[in-house]
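One chain is shown next in structure tokens, namely the form predicted alone.
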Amino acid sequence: MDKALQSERMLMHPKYVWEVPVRIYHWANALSIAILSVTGYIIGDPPAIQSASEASYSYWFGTVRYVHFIFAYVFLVNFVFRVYWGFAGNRYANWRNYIPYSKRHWMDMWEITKVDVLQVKCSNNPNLGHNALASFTYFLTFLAFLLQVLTGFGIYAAMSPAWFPQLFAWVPALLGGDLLTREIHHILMWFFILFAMVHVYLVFYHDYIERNGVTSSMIGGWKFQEEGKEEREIELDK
């Protein structure tokens, strides 16, 4: 092994960042969004499929709607759990990381923006968890999650007598009608698709420039911190 590379690796030490509940939430959320996007697109623009087979074997569109509704509940439960874990989890999962309530947070967001958009030279991210820009973006995404849940179950309330969807029957009236509610729900689907694409790109990009294991951390939970940076991180959290 090259001595310089070996020396560089010895300066990094592992630190457990993402707890099991956070990792489960992440992958359950990714799966839910993928399935909801595919089924939602089909529901919004169903293909004209004709079949000469028995009618009971041609109920594919009903199956698509059923899968969409099932994963809507998975998405909701997963989202509610993540809100809870924002209070019960460790310091990296805490809700305070996601709201820019301090001048330092805004300054960190600008520094990361320069790295991601202007491609300036990267200094190591002082936050071992999400960087400041990613945290704020996730906060905005949580708001989009909430609006997607409201519009989705608001639409579902018109076709389901179940008590839970009926809790959202007021949403279409508040938003100006069923048609506008569907439009908002559809636009948010494309927002999540675009967000996922940018998210994947930035994860690999920051993994390359920071070399702290951000990609694998959402599988194993561990990230790597440069020796001597821990004191700075603790100081920033005060």
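From 1 onward, residues are counted along the sequence shown. None of these values were measured; they are calculated from a predicted model.
Omitted here: the form predicted in complex with a small molecule. The next part is about that form.
Student: Since the chain is shown here on its own, which stretch among 130-138, 100-108, 144-152, 79-87 would lie within 4.5 Å of the small molecule in the model of the complex, judged by heavy atoms?
Tutor: Comparing against the small molecule in the model of the complex, the contact stretch is 144-152.
Student: I'd like to know if His186 sits close to the small molecule in the model of the complex, meaning any non-hydrogen atom pair within 4.5 angstroms.
Tutor: The answer is yes: His186 has a heavy atom within 4.5 Å of the small molecule.
Student: Would you please decide whether Trp170 lies within 4.5 angstroms of the small molecule in the model of the complex, comparing each non-hydrogen atom pair?
Tutor: Residue-level check for Trp170: no, no contact with the small molecule.
Student: Is the gap between Phe195 and the small molecule in the model of the complex 4.5 Å or less for some heavy atom pair?
Tutor: So Phe195 does not count as contacting the small molecule.
Student: Is Tyr205 close to the small molecule in the model of the complex, meaning a heavy atom pair under 4.5 Å apart or at it?
Tutor: Result no; Tyr205 lies far from the small molecule in the model of the complex.
Student: Which one of Tyr201, Trp27, Tyr41, Trp60 is close to the small molecule in the model of the complex, taking close to mean a heavy atom within 4.5 Å?
Tutor: After the contact test, the surviving option is Tyr41.
Student: Taking Ala72, Phe75 and Tyr156 as the candidate spot, are all three within 4.5 angstroms of the small molecule in the model of the complex by heavy atoms?
Tutor: The answer is yes: all three residues contact the partner (heavy atom, 4.5 Å cut-off).
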